[in-house]
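In the block that follows, a single chain appears as structure tokens, in the form predicted alone.
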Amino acid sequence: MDRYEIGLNKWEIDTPALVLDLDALERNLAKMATFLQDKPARVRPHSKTHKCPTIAWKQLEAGAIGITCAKLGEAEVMARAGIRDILIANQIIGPTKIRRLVNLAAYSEIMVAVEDAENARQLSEAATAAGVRLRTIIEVEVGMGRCGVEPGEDALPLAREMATLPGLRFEGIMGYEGHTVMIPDMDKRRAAAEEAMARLIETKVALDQDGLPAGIVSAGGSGTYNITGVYPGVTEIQAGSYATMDARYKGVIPEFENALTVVAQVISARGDRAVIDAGLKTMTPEFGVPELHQPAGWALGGQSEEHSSLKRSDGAALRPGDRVEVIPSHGCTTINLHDAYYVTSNERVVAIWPVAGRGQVR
């Protein structure tokens, strides 16, 4: 990270560079906070998108009740930055990771998802040996076909055992309706998300009736924040991409701004075709080809490891050295390729924020 670039115009940064518009970011955080202001649910933003403690702290300052992480390594990064209330929305399996987890519980209010009784017993034994009580929630499978116990009464045996384990503190349940968040049609997305939430709340009701109240009911992604966030019984949503946004989510929740872009440089230009110095190692394609934001009249085509091609429709000719700006199609995986954000305000670099959670897959 080159600190000398602070103060430069974003078009002067060495390329390719991951650029974050600070003003757009803060408007996105404020928009989410305003939406939930009079709602029972609160936001526990998912940091797997931005992987940056500075952004996480901004989310907390904007009213978030805590931070969500996908991996233990991400949680360690957030805890080292002083963030205490952290949910790992994943299972922590095996003695090595469990040892790290209970160590983390000594200086944070870490909470972890559980779906298996044997895993719960292992967590409890390690926590008891370390002299801590570990906050836990049960993950419920709400239709995504990934992790979690079956909804309703199937969750009761696990909850009963977890409530008796001395090293655990049973806090509630979570379920992720990730299979619904990208459905383009709002009515279909709402119907699918509400069907998933009905399964989650069915589980909460069963637990409540069994004398094991689920104080936390955690769910939701950016694409369903305004569905899950108002669903009766849900207490928090784990939306992540809303903060930085990307091209794919913009088609689903256009009310949030694309704060995240990549600035790249033209390295070859021949008539209606050009090549830039940002390819697959800079921008990921699993949600489609990234979207060229500037200049107008050009579109991004194929990608290879270090290059992407541009094709002109009616824009002005490009020359080697010209800068272009691209909106990633998928922010989460694109951000994970970069060491830092070049943070801008009015197109001027005002800070460089490390992507401290980059590569924390363990």
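Numbers follow the displayed sequence, beginning with 1. Quantities reported herein were computed from a predicted structural model and do not represent experimental measurements.
The form predicted in complex with a small molecule exists for this protein as well; it is not shown, and the discussion that follows is about that form.
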Do residue 104 and the small molecule come within 4.5 Å of each other in the model of the complex, heavy atoms counted? no
* Indicate whether residue 221 is a 4.5 Å heavy atom neighbour of the small molecule in the model of the complex. => yes
inquiry  = Check residue 240 for me: does it contact the small molecule in the model of the complex (non-hydrogen atoms, 4.5 angstroms)?
reply    = yes
Using 4.5 Å between non-hydrogen atoms, is residue 120 touching the small molecule in the model of the complex? no
Assert contact residue (the small molecule, in the model of the complex, non-hydrogen atom within 4.5 Å, options 174, 234, 126, 278) equals 174
Only hit among 79, 98, 274, 89 for heavy atom within 4.5 Å of the small molecule in the model of the complex is 89
TL;DR on 42-50, 56-64, 316-324, 295-303: the one with heavy atoms within 4.5 Å of the small molecule in the model of the complex is 42-50
